[in-house]
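So this first bit is one chain, no partners, the form predicted on its own, shown in structure tokens.
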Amino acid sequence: MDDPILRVRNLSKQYDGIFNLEIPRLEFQSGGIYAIIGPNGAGKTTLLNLLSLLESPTSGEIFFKGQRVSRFNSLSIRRKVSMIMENPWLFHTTVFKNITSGLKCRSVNKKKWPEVVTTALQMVSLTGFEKRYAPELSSGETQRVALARALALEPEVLFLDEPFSNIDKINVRLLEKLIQRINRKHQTTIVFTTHDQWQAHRLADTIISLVGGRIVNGSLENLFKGMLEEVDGSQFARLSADVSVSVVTDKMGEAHVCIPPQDIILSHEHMESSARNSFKGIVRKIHMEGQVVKLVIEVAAGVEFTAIITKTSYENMNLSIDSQTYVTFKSTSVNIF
């Protein structure tokens, strides 16, 4: 395997005396697509800001193509990466002037601007938008103009912070295809953050799960903040006033609790098994993706479990919205962070 284009070692970021981010080791290979997933406050944006050199770490090292980033070379390295914020801001002028703003800052010959802008707009499927007034664009068009502005600078690494959060489904699918096209055509390394597990699996070669400023293993589909307690010698995680799940852990107190959706078994009747967690619930959402079906089952007010089953199992169970089903999983399936 080639040396990574981007690598961090013992990276940490501290705000107000509190460590918000601690990443011992992380690597990004050239030409890959990476998704960073996690709940609000997990540190996703902080990590992107550090990787894109918009912020400096409290401690630790960042390497770009094997070269350690320092105050002496950070500016030249920053020119090789681009970052698009969750709510990209466009200047109150034409699309053309927005895209050329970065070219102007980098003293690119003005004679090259029209060709660069035309190419960038073609890449994001906005051909002919040069004279459009940026504030009049839709949210999806704004996101794509911001993408064109970044692509005009020909970055080697493109960072996208929640790029799909404020646009409709049609533009989400379009932006997903654009990201894949850019990656394939130019071998641009792409790192994006998202809350959508399915989207992460659709787009990314590698998924990085972040909880509480730390990288964790496994899916974050069923992630709860719970209180770990011991009752009659057994450990439980209280997720709400009405729901506690049996767990295996030595920890006590507040923690993140996660149940992999593929470890959840659905049944019409209560199962007689060694699994210590079983809840009766109601199907609230159904999402099909090829031969896999994702179901969201509400077991109590404010507590929903996501289960993933095959399309065949789904059809055999004849489930639908408002169907009743039992959710069953083992104590050993529960991850504690």
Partner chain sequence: MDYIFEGLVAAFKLIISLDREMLVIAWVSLKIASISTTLATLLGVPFGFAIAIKDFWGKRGVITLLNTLMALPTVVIGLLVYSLVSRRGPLGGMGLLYTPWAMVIGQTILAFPIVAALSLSATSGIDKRVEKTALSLGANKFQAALFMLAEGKFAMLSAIIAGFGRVFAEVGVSMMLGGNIRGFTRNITTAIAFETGKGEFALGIALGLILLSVAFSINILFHQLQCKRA
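Residue numbers count along the first chain shown, from 1. Remember, it's a predicted structure, so these values are computed and weren't measured experimentally.
Another form, the form predicted in complex with its partner chain, is not on view; read the next lines as being about it.
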Quiz item: Non-hydrogen atoms within 4.5 angstroms of its partner chain in the predicted bound form: do C258, N277 and G302 all have one?
Solution: no
Quiz item: Okay, which stretch from 117-125, 179-187, 101-109, 222-230 lines its partner chain in the predicted bound form, with non-hydrogen atoms inside 4.5 Å?
Solution: 101-109
Quiz prompt | Interface residue in the predicted bound form among A204, M83, V216, I167, criterion: non-hydrogen atom within 4.5 angstroms of its partner chain | solution = M83
Quiz item: its partner chain isn't shown here, but in the predicted bound form which of I286, I282, L54, M271 has a heavy atom within 4.5 Å of it?
Solution: L54
Practice problem: Examine H92 and determine whether its closest non-hydrogen atom to its partner chain in the predicted bound form is within 4.5 angstroms. | Solution: yes
Quiz prompt | Exercise: N73 in contact with its partner chain in the predicted bound form, heavy atom 4.5 Å | solution = no
Quiz item: With a 4.5 Å heavy atom cut-off, would you call R149 a contact of its partner chain in the predicted bound form?
Solution: yes
Quiz item: Can you check whether G212 is within 4.5 Å of its partner chain in the predicted bound form, heavy atom basis?
Solution: no
